[in-house]
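The chain below stands alone, shown as structure tokens; this is the form predicted alone.
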């Protein structure tokens, strides 16, 4: 289980984003994740990413569990108050889901309905504290809650966004609040990631929480330009975009770029694994984890017992 990997850290952990669904069925979701699920330890059930409405985080987490994939259910502060957020956690727990990740959430101006009202009843560290409290058996009000098992509480942090000096401290605050896993924002600035990780080693956050830098698999320079211009908190250097745009094979160069960024991230002290977003949908997740020799396909205990399963069969 992801919780055991985070606690014991016997090898590098690999998580991935579950593709957002705009309708369809559980079987359709199974088709979409078939090239990813066997090669990761868990998948994020996202909560209206980039402020766009999609199939809900709760429904997606349940569907992933039904498909044999361990879900990490995201919850954002942007759309719901503390009552609704706690209700989603309690609902997920009814289905045995015990992995939760707290995010502040992109502002509504990043989405296609910018007139939507913001909620932000809680902020990210406060939501981490609420999740940790429910994992211990109480709602925020003090009422008793009966979790079906020990919760894994996760959070996110951006290693490259200003104010840079505060980012590692904010990570520590989230760990203090109860997070044992931190997934980082996609970062195309290796020096800033290295500085962030060094700071989390110094302040103790890396020892107390598994930190997973993120990479994004893309096919071309157009996708990099989109992230640089449209995705809050991500900056892609012009030289990086030009490198992919000017390559004889942009798709291959885009993959090589990600492999280099991932290898650099995994070499840093304090890093416990990798988080992957896949916009290629061509088997590149498998290629990446095999070339880096990380994740469940390189777990001797799984190979020996044959316990790695995935319910979807096409």
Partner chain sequence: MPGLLPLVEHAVKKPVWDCRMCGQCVLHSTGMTCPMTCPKTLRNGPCGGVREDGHCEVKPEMRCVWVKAHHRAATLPLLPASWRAEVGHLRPPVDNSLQGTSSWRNLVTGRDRVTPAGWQGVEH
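Residue numbers count along the first chain shown, from 1. From a predicted model like this one, the values you see are computed outputs, not experimental measurements.
FYI, the form predicted together with its partner chain isn't displayed, but the following is about it.
Proximity to its partner chain in the model of the complex, taken as heavy atoms within 4.5 Å, picks out 229-237 from the listed stretches 94-102, 68-76, 229-237, 213-221. For the three residues 107, 140 and 166, a heavy atom within 4.5 Å of its partner chain turns up in the model of the complex in every case. Taking non-hydrogen atoms only, residue 160 approaches its partner chain to within 4.5 angstroms in the model of the complex.
Its partner chain in the model of the complex is approached by residue 170, whose closest heavy atom lies within 4.5 angstroms of it. Shown alone here, residue 176 lies within 4.5 Å of its partner chain in the model of the complex, counting heavy atoms only. A residue is said to contact a partner when one of its heavy atoms sits within 4.5 Å of a partner heavy atom; residue 201 fails this definition for its partner chain in the model of the complex, lying far away. Residue 208 is the sole member of 202-226 found to place a heavy atom within 4.5 Å of its partner chain in the model of the complex.
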